[in-house]
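Quick heads-up: it's one chain on its own, the form predicted alone, in structure tokens.
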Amino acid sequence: MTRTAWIRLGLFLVAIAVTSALWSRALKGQSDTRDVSYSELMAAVDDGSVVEMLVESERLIGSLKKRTPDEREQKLVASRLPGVDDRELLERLAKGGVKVAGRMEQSSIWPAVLSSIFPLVMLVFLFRAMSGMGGLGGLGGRGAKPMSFGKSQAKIFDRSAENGTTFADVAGVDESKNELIEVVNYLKDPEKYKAVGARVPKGVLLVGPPGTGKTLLARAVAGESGVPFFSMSGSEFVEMFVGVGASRVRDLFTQAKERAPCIVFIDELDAVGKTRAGGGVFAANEEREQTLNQLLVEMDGFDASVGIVIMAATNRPEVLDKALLRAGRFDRQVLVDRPDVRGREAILAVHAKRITMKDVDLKVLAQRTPGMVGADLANVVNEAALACARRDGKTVEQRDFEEAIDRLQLGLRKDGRVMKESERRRVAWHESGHALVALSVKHADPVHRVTIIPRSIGALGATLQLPTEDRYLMTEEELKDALVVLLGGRTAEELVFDSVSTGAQNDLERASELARQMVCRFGMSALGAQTFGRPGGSQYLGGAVSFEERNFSEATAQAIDEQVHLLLDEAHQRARAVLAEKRAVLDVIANALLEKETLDRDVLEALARGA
């Protein structure tokens, strides 16, 4: 429910509570009534406190004497005792000077009626709220009609008028677009394929990490084809009521057949298409499995020649049921992977069209953002525009993009953080050590910028390297140079201050992991060309390894530790040799950092040459 619907529901319940209270007060009257025992009521009669007594068949109601004219009327109510004679009671009341009145009690039907109707009203109200009947002016959402549980909740973009997305709006995934051109051509001219007996895939599964543009790519296919586009999330099929998901699947395909040719897109397919549980009769996910079964039936039941193409997206293909992936259902699987450096530049160019910028090198920005997907790059462009607005600029410049990338990768600037001078000096020499070693070894990525401005993620400084191109493999020499660069900061502290600090924690973690990978995964040690340990868990699309199965002995484990130690010790000695030889350059760079806090590549290279 929307926030407005919740507010209306709350007001409705408050109104019910207030009405009940007012009704109860009206029934109760304007007097204060207190229940007492029979003996207490008679004691009040004997001492003259009671002025009038109403005698009913089951109880006695005594009105007390008012001490002042404005005093509120008070009444005492007691149950009549079965053994007390009415003549004895009347004599006692007459003796106390009490006026006596009698009343035959007639039971009201309203309490019974209200107690019966009110629960029914509440049940109807809740039924309307959950079934989407629009109770309280839209509580059901989506403008639903009565009894619309099983109606499809898909958003429909009717041809290109509502879906203006085309392939021109999608960049960085050229291989994926080429795979889908055939689908576009079929939807534009199905007779061409029917003439030669060709059948396009019934289903196309877009697989890729989050944010790579799978949904955007599906909409672009519909926009290029000029056909209606049905979009629905996998989680929207499954509800708390059994059978609703299957009904929605049927309704979705019924609507699609009526508006063919069209594209049906199911986002986050893994929400409804997970592998079905085996063996259990009373499965906890029975509703989801019924929905999946209905989806399988519908995909088998329609003829591809009618012009319906099913597209779906997921970033967890390994959990999908095998029946979904067989031929005749999702025939074609298209990988929408992270873009390379050229793809990132193209994506930045698409998003940069919406802002006003000047003297911005998108190629450099693409090199600075390895691993980022389309959604991340869109965020970079937006953050750059915000940075420009914060400094009251008119056009977005390169520095705004640099600040945006630093903000996303390193966190917010901590300009207000006050560091001791000794700490600033240690951070300056630490980062200078990284930069100088990177400038000195052969296979290191070029240094783009060095800074000692603290950031919110805990980094007191950073040395940013800029890969010149995407790499799909690395040689042993490149990995060993990477180890030397990682240990350059800690080695500079050791050389200059004769001690080390906790600032190298992350460097040591990365260096240790890289050295262990070289020994256990890449066979780059004296142990030879073999691997040790089997990684477990899902590694699809770069997923993290959840555990590692050990398949070697304790003696081998000790040998692995020794080789890792040798690699790290060799890198440490190389870093120390470079920094000791170029100690003067190290001091020049560190002092410049203390003065300016940030040094770009050109300044660094000039300082290195000048020293």
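Residue numbers run from 1 along the displayed sequence. Just so we're clear, the structure is a prediction, and the values are computed from it rather than from any experiment.
Beyond the structure shown, there is the form predicted in complex with a small molecule, which is absent from this document and is the topic of what follows.
Taken together, the three residues Asp361, Gln367 and Ile405 lack any non-hydrogen atom within 4.5 angstroms of the small molecule in the model of the complex.
The partner is not drawn, yet in the model of the complex one stretch among 202 to 210, 420 to 428, 389 to 397, 320 to 328 has residues with heavy atoms inside 4.5 Å of the small molecule: 202 to 210. When the small molecule is considered in the model of the complex, only one residue from Leu296, Leu508, Ala378, Leu335 comes within 4.5 Å through any heavy atom, namely Ala378. Exactly one listed residue, out of Leu487, Val173, Val221, Ala384, brings a non-hydrogen atom to within 4.5 Å of the small molecule in the model of the complex: Val173. The small molecule is not drawn, but in the model of the complex it has a heavy atom within 4.5 Å of His351. Within 4.5 Å of some heavy atom of the small molecule in the model of the complex lies at least one heavy atom of Thr215. Proximity of Ile347 to the small molecule in the model of the complex falls within the 4.5 Å heavy atom cutoff. At the 4.5 Å threshold, heavy atoms of Asp169 reach the small molecule in the model of the complex.
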